[in-house]
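First, one chain by itself: the form predicted alone, in structure tokens.
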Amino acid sequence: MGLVVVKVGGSEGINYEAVAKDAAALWKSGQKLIIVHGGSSETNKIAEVLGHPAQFLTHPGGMTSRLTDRRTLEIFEMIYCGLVNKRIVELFQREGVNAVGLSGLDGRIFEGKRKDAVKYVENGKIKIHRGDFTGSVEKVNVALLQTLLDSGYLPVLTPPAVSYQGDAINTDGDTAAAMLATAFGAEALLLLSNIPGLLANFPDEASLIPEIPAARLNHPQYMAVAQGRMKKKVLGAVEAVQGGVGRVVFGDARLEEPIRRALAGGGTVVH
């Protein structure tokens, strides 16, 4: 059995208990897994309470990202690396799986370039924001993760990543997971969130698109329905499949047995 990379989103409605229970059952059967998770909804709540509410930038291509100054980065690390990561590790320990929670900053697991400037659109005009702690994952420390896997530990990973200069950088978890799956030549990359997959008519869940050949994912028919953060997921899926990952599945993390459902083709399968 090849490696399966499971990215679990951080939006409202995610059933982390079901994800952990399902992953633990697969792990005990001999299936190797790496978990990557988000934590956006918790971060937004805590940032509001701390008086530093989340701000988002819309980029010229239509995608959005979190404006990440130093204070935002510290709140991000507090929630992603602390609260959410350890909550998931605890769930695995309860299931009898010896999970190890790490951020991409640890051991330079996720490494990439910090963006010197970020272009965004405001009132129809393109502007430039400087001083952001954001970047993209370009390298994965496969050796460290393989050592953990070979020693019987289940890695549970989360942003931030680390820049080549050593700065912590906020990075998109879906694209980080896609880079991870590509680096390992994974059998499958599962992107689990609070919707059943790619929807032709969002938010109508009955409009689920069950299957897409990767060669057609950039087709306007599909990119038109991939709005907001889903666009990043779609682009990450294209890169992963083109990079040698067996298949990518957009699946539902609100259900019981979400991993096995996705592996069985539940959701949107990109091949």
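The model shown is predicted, which means the values in this text are computed figures rather than measured ones. Numbers follow the displayed sequence, beginning with 1.
Although not depicted, the form predicted together with another copy of the chain is the subject of the following passage.
- Highlighted residues Glu77, Val100 and Ala168: every one comes within 4.5 Å of another copy of the chain in the predicted bound form, counting any heavy atom.
- Between another copy of the chain and the residues Leu83, Ala200, Val121, Ala117, the one pair within 4.5 Å by heavy atoms in the predicted bound form involves Leu83.
- Distance criterion of 4.5 Å from any heavy atom to another copy of the chain in the predicted bound form singles out Val162 from the list Met179, Val162, Leu157, Ala186.
- At a distance threshold of 4.5 angstroms between non-hydrogen atoms, Glu90 is in contact with another copy of the chain in the predicted bound form.
- With a 4.5 Å cutoff on heavy atoms, Gln146 does not count as touching another copy of the chain in the predicted bound form; it lies far away.
- Although the partner is absent here, Lys139 sits far enough away that none of its heavy atoms falls within 4.5 Å of another copy of the chain in the predicted bound form.
- Contact annotation for Leu57: none of its heavy atoms lies within 4.5 Å of another copy of the chain in the predicted bound form.
- Of the stretches 121-129, 170-178, 192-200, 104-112, only 104-112 has residues with a heavy atom within 4.5 Å of another copy of the chain in the predicted bound form.
- The partner is not shown here, but in the predicted bound form the stretch 119-138 reaches within 4.5 angstroms of another copy of the chain through a heavy atom at Phe133 alone.
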